[in-house]
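The form predicted alone is given below as one chain in structure tokens.
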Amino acid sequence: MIELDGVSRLFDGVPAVEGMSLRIERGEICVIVGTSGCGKSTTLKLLNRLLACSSGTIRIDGQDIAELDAERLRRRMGYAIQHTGLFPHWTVARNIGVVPRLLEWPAPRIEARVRELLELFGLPYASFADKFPSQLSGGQAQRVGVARALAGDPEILLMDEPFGALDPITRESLQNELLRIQARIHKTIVFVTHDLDEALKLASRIVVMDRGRIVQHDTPSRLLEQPANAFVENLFGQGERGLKRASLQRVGACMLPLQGAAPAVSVGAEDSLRQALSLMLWHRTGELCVRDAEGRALGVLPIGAVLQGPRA
């Protein structure tokens, strides 16, 4: 879907992005991480031509974006940023409908799309369509910002620290919401974050950047298990890699058949092994009952199964 071939961007002769070659597959969430100033946000702006490449080529569906009209290109891409960028004097409905109006959709289609997106993000149309941004909570405003980015049904969604200003509880809620919605709409998403736990949770693949260059592009599990160098190892917390790997593994993949009485403390089958370990430490127990979403006992998770990891 997206290909970067030897892409560089210089500011006053200093490279912000240098020799970047990358392929992002259709329908995946590619998360870009790295230290401040490594070129993450610059890369996003190169993709939608808010910045021009100093050298190299970017292709979308095989087309060189330098040969495309910049405005038309940007309308093919949603763009969600940290502080939403909502127009304060426009209603929620008008904010979401801005790109469809630019695309000259008929009014009934725009209204239907706004209604569809508000419902998708758990914001009932009757309650939120006529509100103004100042009347929304931070989480609600961020949902509207992402809904606006999706309104024109773009092929690609660019997200620059979209949840960075939110409290941890709201942030986790929106991460879960994004994964739920992505399972339905299958957009190609390029997501920039400085939060490594967020990257591990959301990404199909992670791009690690350092001083404008890609140092590793891999799946979350391979990044943790086979870091390319000391920088990647330290970035993901050398002493916490075991816990971070446990956050990628589901309890249901490790549980054993339940024999006898169920343990007193329970964990969800879709919870992570990291959550299970936390429960074990808190309750000072070596085994947990694994339950489904309806509370039915499915199996047991002993500490040995956690250490062994998912069964083949």
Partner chain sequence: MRSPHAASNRVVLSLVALAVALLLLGDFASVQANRIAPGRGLGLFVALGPAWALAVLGALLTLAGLALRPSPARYRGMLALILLLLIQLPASLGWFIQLHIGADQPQARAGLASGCWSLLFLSLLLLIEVRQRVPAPWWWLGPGGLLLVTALLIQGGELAALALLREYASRSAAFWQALRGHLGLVGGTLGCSLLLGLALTGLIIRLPRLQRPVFGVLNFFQTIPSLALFGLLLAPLSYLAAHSPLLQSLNVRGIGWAPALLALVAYSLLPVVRNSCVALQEVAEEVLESARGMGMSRWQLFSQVRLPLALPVILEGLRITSIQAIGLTAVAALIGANGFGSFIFQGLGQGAMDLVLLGALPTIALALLADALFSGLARYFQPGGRR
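Numbering follows the first chain given and starts at 1. Model, not experiment: these values are computed from the prediction.
Beyond what is shown, the protein has a form predicted together with the partner chain; the following relates to that form.
- With the partner omitted here, the residue from 111, 225, 233, 130 that has a non-hydrogen atom within 4.5 angstroms of the partner chain in the model of the complex is 130.
- The contact residue chosen from 200, 215, 86, 166 relative to the partner chain in the model of the complex is 86, the criterion being a non-hydrogen atom within 4.5 angstroms.
- Proximity of 90, 98 and 102 to the partner chain in the model of the complex is complete: all three residues have a non-hydrogen atom within 4.5 angstroms.
- Heavy atoms within 4.5 Å of the partner chain in the model of the complex are found in one stretch of 190-198, 72-80, 112-120, 204-212, which is 72-80.
- Although the partner is absent here, residue 244 lies well away from the partner chain in the model of the complex, with no heavy atom inside 4.5 Å.
- Heavy atoms of residue 143 never reach within 4.5 Å of the partner chain in the model of the complex, leaving it off the interface.
- The closest non-hydrogen atom of residue 45 lies within 4.5 Å of the partner chain in the model of the complex.
- Looking at residue 50, you'd find a heavy atom of it within 4.5 angstroms of the partner chain in the model of the complex.
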